[in-house]
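Take a look at this single chain, the form predicted alone, given in structure tokens.
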């Protein structure tokens, strides 16, 4: 039991809480350095493709799911226990202090950092009641006896400190409960296509430990139009100036369709679920025919942007041809005229759209039973047929009689993050309280002042006023002088008579 008590004291010390808080901040760093599955699943997939050796190793360390990893949860829970064991007793002590009175005057006031004394012929019983009233009017908490007065001010400093730490506890609870009782998912929707709030419709879906997919609200929406405008020229050439999606949503299968505009930081909110607009890109439209002229693919294929000018890559798979046909491509919204560095776009808007296609024939590997990315073409058992550049409306006759492909145009797609976080309101409120408490604890000094009246054998009394502050308080001396002036009104100074 003694060892357990020792461990508990170590865990609930403020030093341990500070160390755990530092570790929590340090553990959050990979969450900003690496893409996270909860917010950027496409970037995670791309990172794994670009780093075939380091990617799986980092994934085994949960670097792409930092905030859902066991090691992050361990730090989180230890910090919560440490703060609870440290702050709750401290809050109780402070509550008792608020109900208590200032401590008695020290025996030797002259040892305090700020000290004033003088002699007066005024009698203490006539001075003390008036001084008590004046100090109380100056918003000091006062305690007095027959020969001394104790006053204290600045309780809000410790109140702010307790508020700050208690709000951290509430914040941790809110984040934890919000994560456990909610979910987070992402989906890419093309213009003209829709989404229904069902697990099978998500590209990624991460439910909380206490959330069941059966509780998903039955809403749906269709992406009617996506609009993005960019600055042309200047230092911020290509920067987005307009970014929104027009959707038509239904709360249930029987409700009336309603239009809504989704913008950055202005989501669509339905039954406690928020639909955020987090990304966009292009989906070129292809019509692929086999060697006999039969249409084997006719749709818009989502291409993923690779840079700020939306140079995008994607694939088209036609498994119904014999042999199977696959296309790898680059979509360039504004194609460059200088191809020394390869195909790339010079502006994010589709001012001069082109695609560069590479055709492959063979086995796509779809019948192997191994899951494949819809954005990647496995060319292990395939043969390259040729490369071609196309503009909208142009076609290409694939060499070897494998058919034709036509680039008929493009659509835009939007990426949505769909989340339910029941604790975000509490998290916001506790964050505001934490900021207020921190301001109080930093700006308000805690001060104590005493007045002692000592009768002198030669007649008259010695009046002493002294004070101290728990922190550096540059205005303490001036405040002591001001309080001493209140006393001098009723006990004027006289020359000392030996």
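Numbering follows the first chain given and starts at 1. Bear in mind the structure is a predicted one, so any value in this text is a computation, not a measurement.
Beyond the structure shown, there is the form predicted in complex with a small molecule, which is absent from this document and is the topic of what follows.
Using a 4.5 Å cutoff between non-hydrogen atoms, residue 220 does not count as a contact of the small molecule in the predicted bound form.
The small molecule in the predicted bound form is approached by residue 17, whose closest heavy atom lies within 4.5 angstroms of it. Not displayed here, the small molecule is approached by residue 82 to within 4.5 Å at the level of heavy atoms in the predicted bound form. Though the partner is left out of this view, residue 184 does not reach within 4.5 Å of the small molecule in the predicted bound form, counting heavy atoms only.
Only one of 165-173, 367-375, 256-264, 402-410 places residue heavy atoms within 4.5 angstroms of the small molecule in the predicted bound form, namely 165-173.
Among 179, 161, 328, 120, the residue placing a heavy atom within 4.5 Å of the small molecule in the predicted bound form is 161. Of the candidates 441, 461, 36, 45, 441 is the one whose heavy atoms come within 4.5 Å of the small molecule in the predicted bound form; the others do not.
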